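Below: one protein chain in two forms, given as structure tokens, structure 1 then structure 2.
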Structure 1
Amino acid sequence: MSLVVGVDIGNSTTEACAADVGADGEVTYLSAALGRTTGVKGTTANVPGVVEVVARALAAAGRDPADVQAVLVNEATPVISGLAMETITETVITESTMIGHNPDTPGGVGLGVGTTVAFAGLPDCAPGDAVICVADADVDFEDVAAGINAAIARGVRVTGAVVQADDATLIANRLREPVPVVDEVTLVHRVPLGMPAAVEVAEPGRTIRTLSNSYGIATVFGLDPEQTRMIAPVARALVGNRSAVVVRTPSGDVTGRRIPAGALTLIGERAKRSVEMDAGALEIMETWRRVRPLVDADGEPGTHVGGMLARVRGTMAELTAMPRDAVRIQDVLAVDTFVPQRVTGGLAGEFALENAVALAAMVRTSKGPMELLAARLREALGTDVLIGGVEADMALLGALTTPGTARPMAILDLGGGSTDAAVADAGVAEGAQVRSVHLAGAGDLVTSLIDSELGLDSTDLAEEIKKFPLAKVESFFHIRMEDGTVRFFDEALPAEAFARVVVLTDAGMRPIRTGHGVERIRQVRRSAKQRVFVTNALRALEQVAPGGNIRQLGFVVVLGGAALDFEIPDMIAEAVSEFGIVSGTGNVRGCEGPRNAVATGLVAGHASARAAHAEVRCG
């Protein structure tokens, strides 16, 4: 019997598996351990992480480090991915023309059209004038109401009001003839005065009908077709609001323009094709399909996509200390997304959802300095260090310890930076082929999609939303989970969580300070996972499957951090179910779940090599 430790150095975690291996190849697994990878995978910076994990695995097995015969490490090829996101549309409002925000409590109901007039100027209006009153926060709501009432009594037709403070309902309640009032307009002093304007407030539970319709705006202001074309983006930006204000300024110009995002050139082994970024993710991936296998990718210099790929290349070059032009992009994943962007020229901090394309790129660098790493590990551990087989082969061997699996089997390793797949044909032990692919786009891309689509501006929070289920705090003592079940608490929940959507993290509840409801956040989260993991799972299996036919695979085992996710394995199982194959989350050695596959595979590979060796000697 000899004590060996298999060590898998991954992009983010280092895993170890300690085992006793008999001369006949019989393996007794003792323990497993997991820690963070120190430094970039496959470099000497990994040593401290490996040493720690090995020590932990041995401690868990209750064995003396001095007894270790060999430490087995995988041949780690650094696979690094980069991300970039660019908007391809933009709403620009020159000469401030619209207030499209959604205050919680606008006042009054209906549509009012008139000329904008400052509150102080109301007494100067002539009877019969149709005006919209604009008041800042310095004026008390009672004074505003009294002023409007007085003006109406004189015969001035005050048809609506725009106010800065949160008091639209208060004002509307005090008017003899209620008119629509829009409040919480932060930049009220920038509302142009003396201009035709329209104020619309919908009934509670409804959305505006006139100002969210291009022809509605055209009717109100009597616009010609050309002007209507110019105003169309305003209407689009106001869709779904309960209240809105549109001011028509003579030189006012709102344009929704497409940013020239540039062309992406995909260079395959046999073909080379360009595709415009603003064609969208679907078109880009279709182009990729035509040129694959990809050798490199390039962006048009001076455009967004050029900048995106230059950034990815720069990061890669920095991480791997390679010259920039030696970095080859070997896979890209484009995903359609949308980004809430502050509308240039808006008056109340309005946001418009702009279309964007997120691009993940993957670089497989030259083989890392494995010999050097092994030598350093030898020094640090004082034992023999053997560089084991290729990572994908080892992962397959480890995955095969999952109960109920058999060849031909494929593994899907869903990590943080890349999605990897490998397939073992029947009888791999006799030297049959193992095919593997590394694809760009995984957990990190999901996190950044969630972050940008919800406008969170916090990677940490996006990460938590990705990992944990949501709930709504419905009272101080109970929450409703996203699936509708209710959970009660003995202690009162904190006031800052009241009525908010929270993420139920391991460390407790974390309120999400956005206006998004549970449904919306859940939908963004699930669709981000669909767009990245399900797309990539199918893309990966397609590439490794014999003849590109997923049906030829017998078993698919899902491994890696994402396999521990509470919904991703189900999504993948659902997506591959149509191919009539068995798919599920791995359970390495029947006890480790989707973890420890490579480390276990290293030990298993070592054991069978030993057994073969022993046989040769005997025979």
Structure 2
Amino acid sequence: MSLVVGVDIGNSTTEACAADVGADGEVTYLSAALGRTTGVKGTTANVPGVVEVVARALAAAGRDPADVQAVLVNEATPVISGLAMETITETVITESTMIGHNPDTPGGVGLGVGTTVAFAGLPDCAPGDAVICVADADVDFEDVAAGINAAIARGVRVTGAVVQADDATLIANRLREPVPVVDEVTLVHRVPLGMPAAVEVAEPGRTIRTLSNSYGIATVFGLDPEQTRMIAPVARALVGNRSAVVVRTPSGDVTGRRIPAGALTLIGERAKRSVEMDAGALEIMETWRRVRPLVDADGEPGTHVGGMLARVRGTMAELTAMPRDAVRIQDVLAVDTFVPQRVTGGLAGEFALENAVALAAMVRTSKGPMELLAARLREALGTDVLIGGVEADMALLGALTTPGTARPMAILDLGGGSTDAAVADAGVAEGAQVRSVHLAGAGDLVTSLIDSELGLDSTDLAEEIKKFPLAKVESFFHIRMEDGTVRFFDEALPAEAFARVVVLTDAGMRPIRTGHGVERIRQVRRSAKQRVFVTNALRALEQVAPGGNIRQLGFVVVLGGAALDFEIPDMIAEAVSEFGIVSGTGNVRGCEGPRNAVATGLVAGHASARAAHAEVRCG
């Protein structure tokens, strides 16, 4: 028996499988190990990570490193992927006609309509005038409340207030008559005075109804159809807010405009087409289908996409010492999304959800750097290092050790930067070449979508939201899970988690400090996974299936780190069920789950080659 170690160098993790292989090809699997990939996959920077994971696998098997006959590594050609976000719409306010934000504690409830008046001008208002008081932070909340009460006592109809300080509740609680009060308006000095305005505050737990409705604004200000069309972006920007102010100015305007996002040029083997980024993801991917197989892509200089593709090329050129113009883009994936963007011309830091397109791109180079990596590994390990078969082929061999699988079978290897797929037909011998494809877009793109659509500005938090379920802390001793079940605790929960949505990570609860509810966060998470993983799974299977017909595939085994996700395997199984395909998470060797497929396949392929060699020699 010969002791061998199969090593799979991935984009994020490096896996090892130790086994004894007999001369007749009999395999006794001993142990497995997992570690972080050091450096970029397929480069000499991988050496420390490989050395560590091999040592851990041998230690788990209780074997001496000096007994190792060979270390088998996959053809880990470097893969570099990049992400870019192009915002293609923008809300622009001129002459400051809108205030729409969500202060934590607006005061009062209801809709107030009147003319904007500075606090100092309240004594000059005549009885019967309908006014909205505007006060800056220099005026104390008690003075504001006293001034409004005095005006009301004189017969002035004070219908609302807009204040700069965080005093709305303090003011509302001291008024003789309840009126809506919006606070924390940073640029209150830019609120136009002497103009018709409307202030609306909804009850706790509800959102505004009138100022988020185009026809509600038209009713308040008596607008004609053309003016209503112009004010529509205001209503759209205020949807979901608990409080808002709209001020009508003679020449003020709020418009929604499209931002030129540049063009993406896709070059196929037989065709070349350009598509505008602002056409949206559907049109971009339809253009990709018309030119595939893709041999290169280019982005318009000066745009986010052009910059991203240039960075990807430059990184690969540095890693492989290839000329920059020799690096080719192998695949792209476009996804429609929404990005919170600051409203141009707003007075309180307002944000509006703007249309955007996220683009993932990937380049892959030759296996030349692998030869150098293998040489460095021989020096570091002091044993023979063999470059095994193509990664997808080896993953198939490893996946076939999953109980209940048979050919024809396809695998989906879902990683951080890319999605791999391969298929083995019923008559293909083990170790033979199989059809495989390598596509851009996987876990990193999902994380980016969650981060941008929820406005988190935290990749770490977005990653946790992607990987773990949610809950709402309803008391210090119980939470309500996202599926509605309730979980109780013997000890009090942390005070910072009270009444917040939390992520239930392996390390404990992590509060999500946004105004989004459980349902909204869950919807964004699942939608991002659908748009990336499910889309790419079907896109990949279509390319590797016989004749492009997914129905010809009997089994699909999901592998890789994303296969451990609590939602993704079920989403993919549901998507392919209509094609009559059995799909599920792989269980390599009946014990490793979706991990270790390539490392196991390297050992299986090596054993098969030894057995074939023995047969030839015996013959």
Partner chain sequence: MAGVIRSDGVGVGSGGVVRTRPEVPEGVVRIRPEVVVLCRPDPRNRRCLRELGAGMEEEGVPFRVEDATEDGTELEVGDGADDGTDHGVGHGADDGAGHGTGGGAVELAFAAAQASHLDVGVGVDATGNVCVHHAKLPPDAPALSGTASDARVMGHNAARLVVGVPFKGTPAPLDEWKEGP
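Nothing here was measured: the structure is a model prediction, and the numbers come from that model. What we label the rigid core is the largest C-alpha set whose atoms superpose within 1.5 Å from one form to the other. Just so we're on the same page, residue numbers count up from 1 along structure 1's sequence.
Colleague: Two forms of the same chain appear here; which of them is the form predicted alone?
Modeller: Number 2 is right.
Colleague: Do you see a C-alpha shift of 2 Å or more at Ala410 between the two structures, with the core held fixed?
Modeller: No.
Colleague: Would the C-alpha of Trp288 be classed as shifted by 2 Å or more between the two structures after rigid-core alignment?
Modeller: Trp288: C-alpha displaced by less than 2 Å between the two structures.
Colleague: For Ala172, decide whether the Cα shift between the two structures is 2 Å or greater, given a superposition on the rigid core.
Modeller: Yes, the C-alpha position differs by at least 2 Å between the two structures.
Colleague: Would you look up how far the C-alpha of Gly302 moves between the two structures when the rigid core is overlaid, in angstrom?
Modeller: After core superposition, the C-alpha of Gly302 moves 3.6 Å between the two structures.
Colleague: Keeping the rigid core fixed, work out how far the Cα of Glu142 travels between the two structures, to one decimal in Å.
Modeller: That residue's C-alpha is offset by 4.6 Å.
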